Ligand code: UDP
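Take a look at this one chain, the form predicted on its own, written out in structure tokens.
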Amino acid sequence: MASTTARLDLDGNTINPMTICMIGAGGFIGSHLCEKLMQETPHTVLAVDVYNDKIKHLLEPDSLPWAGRIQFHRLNIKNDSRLEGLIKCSDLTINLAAICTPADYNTRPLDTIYSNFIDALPVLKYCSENNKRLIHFSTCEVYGKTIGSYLPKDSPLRQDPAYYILKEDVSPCIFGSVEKQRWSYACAKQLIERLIYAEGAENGLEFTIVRPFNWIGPRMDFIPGIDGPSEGVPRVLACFSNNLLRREPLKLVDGGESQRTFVYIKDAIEAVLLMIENPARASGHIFNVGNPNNEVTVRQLAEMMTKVYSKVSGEDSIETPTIDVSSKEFYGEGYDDSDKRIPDMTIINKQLGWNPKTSLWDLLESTLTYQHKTYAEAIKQAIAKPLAN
């Protein structure tokens, strides 16, 4: 429940209640951010999305302590004239809407480009024309591949942080060839970033851009065939969760040698709240939000998740916990990958004093406990049904 005492920003100023238009509020990040805002702040949220399953617990019943401070608006930002009105009557717009699943980038490149660039144009336009502040969610994918990935494999420079640490204001954005449609997402996200930045420079748009580095936690993605399409392929952690729940080997794409960092959703949401409530420190900035201490290869992630799930479920691991598959077999033609994604945290630490806290083991334990509690029984029943028939 929100505190009745006055909230202060990082400079000691009183934070006035604001109205926030949150586009994509029904998704993984949006649901956690809505929870945070309802439970700890006096702010009002106009929650915009086509689905509200992940925030239903915040909308019903009417006796909730924050009743009246969150309103759900079911609309598609592609073609709904109500969007401008919602942005006009808000102090801040947060845009979370996106297609952001790697399996879609090269199988649905047109949808990916339209969702992440074309559909974001009206949001940017309405914010700029109505002098409304915008927090736009981009992605760490805009960095593409590291400079180090182009060096010879035996080059000592590969160990030099200058060639693989990703900095918002320094690192180049390096993508594969046009035939590698996996980069459709990163290109669309980079172009909307550049447009937002240009609106700020030329027309005075007040903006903040967020680059998430693998935010992990309960309610992320979907479990295929249970709360999502049977043929769908979610992101890596949900893929591995699905395999563990079904007692299947975890599929390691191209040997699982890509390196990633993972940050707990509750840590990341703390960073977003600081951006919301400290516009003087956040506006005009692009922020990496990740945890460089939680770096592993995808293979190491699979091994750790197998151990954590055994602890959470009380089940022994299967005899062959992982298998290798090619990216072509798993994702189809046109897939490519980045090698390392390690965020430099200098800017967000300097501007907002934020640092992530949760270890990889702890965030995996929290997430897999939720997954097991929520989905294990449903999966057992789904597996048993064909046998019964």
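The first residue of the shown sequence is 1; numbering continues from there. Values in this document were obtained by computation on a predicted structure and should not be read as measured data.
This next part talks about the form predicted together with ligand UDP, which is not shown.
Enquirer: Would you mind fitting ligand UDP into the shown chain by superposing the local C-alphas on its pose in the predicted complex and telling me if the pocket reads open or blocked at 2.4 Å from backbone or C-beta atoms, 3 atoms or more being blocked?
Expert: Judged against ligand UDP in the predicted complex, the pocket is open.
Enquirer: So in the predicted complex, does H43 come within 4.5 Å of ligand UDP, heavy atom to heavy atom?
Expert: Output for H43 is no: heavy atoms all beyond 4.5 Å of ligand UDP.
Enquirer: Just checking whether E141 would be counted as a contact of ligand UDP in the predicted complex - the rule being heavy atoms within 4.5 angstroms.
Expert: Output for E141 is yes: heavy atoms within 4.5 Å of ligand UDP.
Enquirer: Could you confirm whether N214 comes within 4.5 Å of ligand UDP in the predicted complex, counting heavy atoms only?
Expert: Answer yes; at least one heavy atom of N214 falls within 4.5 Å of ligand UDP in the predicted complex.
Enquirer: So, in the predicted complex, is E35 in contact with ligand UDP at a 4.5 angstroms heavy atom limit?
Expert: Because no heavy atom of E35 falls inside 4.5 Å of ligand UDP in the predicted complex, the answer is no.
Enquirer: Sort through 350-358, 60-68, 35-43, 337-345 and report the only stretch with a non-hydrogen atom within 4.5 Å of ligand UDP in the predicted complex.
Expert: Of the stretches listed, the one contacting the partner is 337-345.
Enquirer: At 4.5 Å by heavy atoms, is each residue in R246, Y309 and T320 next to ligand UDP in the predicted complex?
Expert: Looking in the predicted complex, the three residues R246, Y309 and T320 all stay beyond 4.5 Å of ligand UDP (heavy atoms).
Enquirer: Of the residues I87, V236, A186, L205, which one places a heavy atom within 4.5 Å of ligand UDP in the predicted complex?
Expert: Flagged contact: V236.
Enquirer: Of the residues L92, A271, L166, L252, which one places a heavy atom within 4.5 Å of ligand UDP in the predicted complex?
Expert: Selected residue: L252.
Enquirer: Can you tell me which bits of 297-311 touch ligand UDP in the predicted complex, meaning any heavy atom within 4.5 Å?
Expert: Contacting residue: only V298.
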